[in-house]
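Encoded as structure tokens, the following chain is the form predicted on its own, with no partner shown.
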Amino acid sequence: MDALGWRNTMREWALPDAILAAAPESPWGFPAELFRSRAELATPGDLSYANRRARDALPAGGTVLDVGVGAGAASVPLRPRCSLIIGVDSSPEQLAEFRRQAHRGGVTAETVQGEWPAVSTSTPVADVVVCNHVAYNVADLAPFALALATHARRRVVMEITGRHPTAWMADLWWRFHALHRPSHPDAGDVVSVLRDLGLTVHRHAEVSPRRAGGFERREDAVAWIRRRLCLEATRDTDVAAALGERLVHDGAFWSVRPPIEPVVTVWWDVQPEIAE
């Protein structure tokens, strides 16, 4: 897949106007609680594969740029090796939570509010750029990725799911709206677009232990999916029933867990041959 193919495929994910017009709340965005719980349980002693690839390219006292920072789960665990994390996000609530997590971890944080790559011209360059679980929200991946590359002195690391992260909801969209959903793009498409841009991309996929995090209350986990489905709050019971065993409690949090999929890390070096 090339950049044009990506744009065309992403257009297929657009929701019909009639469904959006009837939605009582916006289906977009993510609850701050979800990101906060993940960030609080992501620690330097329990790094993901993507965290390790970023750490390996980070000089002592280096700087990290986290695009789509959320609460900082991709970058705050790198704090023992970095002196500054710059977080970019369109949500002021997420940026506030990121600042709180960075302060909690004892690392200096700066924030840039806005959409990437629109805000890239006002965003500092860093040693390492990380970008976790954002690619499938990007309508035009080529300029997005190239802006990541121009802001890294050493390495760019992206973490994504093997498939589009809402592909698992296909049965729910059919059940509640009789709406077919696409199955692409997937991780292979992401890699294809990046390589078509001339980037020397490495790829690693693994089925890893699920990241902790979620909601303290069951009803909040259900409501999140119900909002994504553009349904009224009165449908929470129906949504919970449709989720079935995908709605789980891990002893600390309620979350919605689709079938296990590999987590894919893609990365490329701006300075080739960085020692692993």
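Nothing here was measured: the structure is a model prediction, and the numbers come from that model. For every residue, the number given is its place in the sequence shown, counted from 1.
Omitted from view is the form predicted together with a small molecule, to which the following refers.
Among the residues Asn137, Thr150, Ser183, Thr200, the one placing a heavy atom within 4.5 Å of the small molecule in the predicted bound form is Asn137.
Of the listed positions (Arg81, Arg175, His133, Arg154), a single one reaches within 4.5 angstroms of the small molecule by any non-hydrogen atom in the predicted bound form, namely His133.
Comment: 137-145 is the region of 166-174, 102-110, 189-197, 137-145 lying near the small molecule in the predicted bound form, near meaning a non-hydrogen atom within 4.5 Å. The shortest heavy atom separation between Phe30 and the small molecule in the predicted bound form is within 4.5 Å. Taking the partner from the other structure, the small molecule in the predicted bound form has no heavy atom within 4.5 Å of any heavy atom of Val76. The small molecule is not drawn, but in the predicted bound form it has no heavy atom within 4.5 Å of Ala54. Residue contact check for Ser120: none of its heavy atoms lie within 4.5 Å of the small molecule in the predicted bound form.
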